[in-house]
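Only one chain is shown below, in structure tokens, and it's the form predicted alone.
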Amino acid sequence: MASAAAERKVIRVLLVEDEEIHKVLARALLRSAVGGVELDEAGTGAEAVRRVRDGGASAGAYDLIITDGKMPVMDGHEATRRIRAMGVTTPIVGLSSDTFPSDVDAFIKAGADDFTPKPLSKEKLVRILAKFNLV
């Protein structure tokens, strides 16, 4: 009989985050929540746009994109807009400590499919993965 871990999917995630502590947390949570994860990371929105463009995510290179809001060079809202402008339909989840309704709305208007407040937790990640059928 296969174990529960072996039955979980291997997913490819782009994590867009500039703060190391949030990267460490997200890495650990992703690795424990899914059977396998191929994790790409970008420290700015501009880098995320480049990775998506170069990786051909419109063809399904990523199963999920999780992006911070405030980052140097290009923020998560603008990165989301640019990724959507490329025709990418990969689920994008905004992740931020700014949780006023206007902050959440800014992510959704930019093209994000969902939003969750920082810090990321196992419960929040499981909800996200389930929403997009990634578990």
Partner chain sequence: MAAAALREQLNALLSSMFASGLVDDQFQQLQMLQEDGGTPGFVAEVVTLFCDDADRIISELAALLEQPIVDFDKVDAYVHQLKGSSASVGAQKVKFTCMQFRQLCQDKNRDGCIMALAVVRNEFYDLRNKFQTMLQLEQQIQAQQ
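Numbering follows the first chain given and starts at 1. Computed from a predicted model, the values in this text were never measured in an experiment.
Keep in mind the form predicted in complex with the partner chain is missing from the figure; the text below concerns it.
Student: With the partner chain left out of view, choose which of 84, 53, 109, 70 has a non-hydrogen atom within 4.5 angstroms of it in the predicted complex.
Tutor: Only one option qualifies, and that one is 70.
Student: Name the single residue among 29, 46, 104, 61 that comes within 4.5 Å of the partner chain in the predicted complex, judging by heavy atoms.
Tutor: Of 29, 46, 104, 61, the residue with a heavy atom within 4.5 Å of the partner chain in the predicted complex is 29.
Student: I'd like to know if residue 127 sits close to the partner chain in the predicted complex, meaning any non-hydrogen atom pair within 4.5 angstroms.
Tutor: No, residue 127 is distant from the partner.
Student: Does any part of residue 41 reach within 4.5 Å of the partner chain in the predicted complex? Heavy atoms only, please.
Tutor: Although the partner chain is absent here, residue 41 would stay clear of it in the predicted complex, with no heavy atoms inside 4.5 Å.
Student: Can you work out whether residue 25 and the partner chain are in contact in the predicted complex, taking contact to mean some heavy atom pair no more than 4.5 Å apart?
Tutor: Yes, residue 25 lies within 4.5 Å of the partner chain in the predicted complex.
Student: Check whether residue 120 has any heavy atom within 4.5 Å of a heavy atom of the partner chain in the predicted complex, and answer yes or no.
Tutor: Residue 120 belongs to the contact set for the partner chain.
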